[in-house]
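So this first bit is one chain, no partners, the form predicted alone, shown in structure tokens.
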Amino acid sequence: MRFIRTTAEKCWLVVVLVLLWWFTSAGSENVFFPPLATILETLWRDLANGLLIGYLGFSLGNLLLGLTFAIVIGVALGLLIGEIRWLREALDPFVNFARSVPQAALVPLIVGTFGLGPGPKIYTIAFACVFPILLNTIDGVRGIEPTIRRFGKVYRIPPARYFRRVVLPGALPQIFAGIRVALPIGITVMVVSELFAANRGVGFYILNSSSTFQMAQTWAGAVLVGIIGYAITLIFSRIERIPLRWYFTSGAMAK
């Protein structure tokens, strides 16, 4: 009973909006605003014939690799920059400059430099995702209690062990918060990167259908990206509770 009530509380607005879209678009003859029934029918058709499944696998593979690179680089650099004051002060101007650069504007440059294929798309996703992870990791390291730091110095814990047992666990909640912020950014850049010089992927599907005025396919691609984004965020919110169980069951998070 509790599960049904919780699910209803979370989903009622989505159901209302979908029903509203369904009834307001029913019978629409506007080529740019097809009925939702037609969009869902097109989405199901292209999933069932394998076209979108192949494109989706290509896109999600790029997203996974790009996000993996961003996590490795962002966490490693964030732990060092957050812990070492002179390094943080030296790199602060560069980090703030680089994160202010619009990632979408770099996509044509990266594709032109590195050529076609998945490589440039993975680099673009990694570049876009690394900064939320990096900045959150730095904040997480700086937020560690000074008494815990002094404890490590007093007992002369070796640096590698200090980072592994003290700094990394202390910054872990902020690291996961950074990854959560980076996920929708990565999905957006994943689609944008496939709008340039691509011959497969969900972004290519949207662009190709839009340029040939197949608006039901364009909407179907956009709806699919939204569903995938929500599903990935939902799965991640469940996964992060495993290493952060102590965090979610303590203090204000337990309320």
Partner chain sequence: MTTFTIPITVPGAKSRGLSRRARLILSRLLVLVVLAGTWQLLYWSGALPEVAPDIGQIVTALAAVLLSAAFWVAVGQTLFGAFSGWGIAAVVGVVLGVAIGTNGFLSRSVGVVVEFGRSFPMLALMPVIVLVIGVNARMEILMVFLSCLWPILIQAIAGSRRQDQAVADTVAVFRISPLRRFWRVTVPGALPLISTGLRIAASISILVAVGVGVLSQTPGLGRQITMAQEASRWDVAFAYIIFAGLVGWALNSAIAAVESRALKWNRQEA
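Numbering follows the first chain given and starts at 1. Treat the numbers as computed from the prediction; the structure is a model and nothing was measured. Whichever C-alpha set is largest while still superposing within 1.5 Å between the two forms counts as the rigid core.
There is another form of the same protein, the form predicted together with its partner chain; it is not shown, and what comes next is about it.
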{"property": "Its partner chain in the model of the complex: contacting segment from 130-138, 105-113, 168-176, 69-77, heavy atom within 4.5 Å", "result": "105-113"}
{"property": "Of Trp246, Phe236, Phe23, Trp12, the one that lies within 4.5 Å of its partner chain in the model of the complex (heavy atoms)", "result": "Trp12"}
{"property": "Contact check for Ser28, Ala37 and Ala198 against its partner chain in the model of the complex, heavy atom at 4.5 Å", "result": "no"}
{"property": "Any non-hydrogen atom of Ile206 within 4.5 angstroms of its partner chain in the model of the complex", "result": "yes"}
{"property": "Partner proximity in the model of the complex: Tyr155 to its partner chain, non-hydrogen atom cutoff 4.5 Å", "result": "no"}
{"property": "Touches its partner chain in the model of the complex: Gly57 (any heavy atom, 4.5 Å)", "result": "no"}
{"property": "is_contact(Leu17, its partner chain) in the model of the complex, heavy atom dist at most 4.5 Å", "result": "yes"}
{"property": "Within 73-111, the residues that have a heavy atom no more than 4.5 Å from its partner chain in the model of the complex", "result": "Glu83, Ile84, Arg85, Trp86, Glu89, Ala90, Leu91, Asp92, Pro93, Phe94, Asn96, Phe97, Ser100, Val101, Pro102, Gln103, Ala104, Ala105, Leu106, Pro108, Leu109"}
{"property": "Rigid-core frame, C-alpha of Ile242, shift of 2 angstroms or more between the shown form and the other one", "result": "no"}
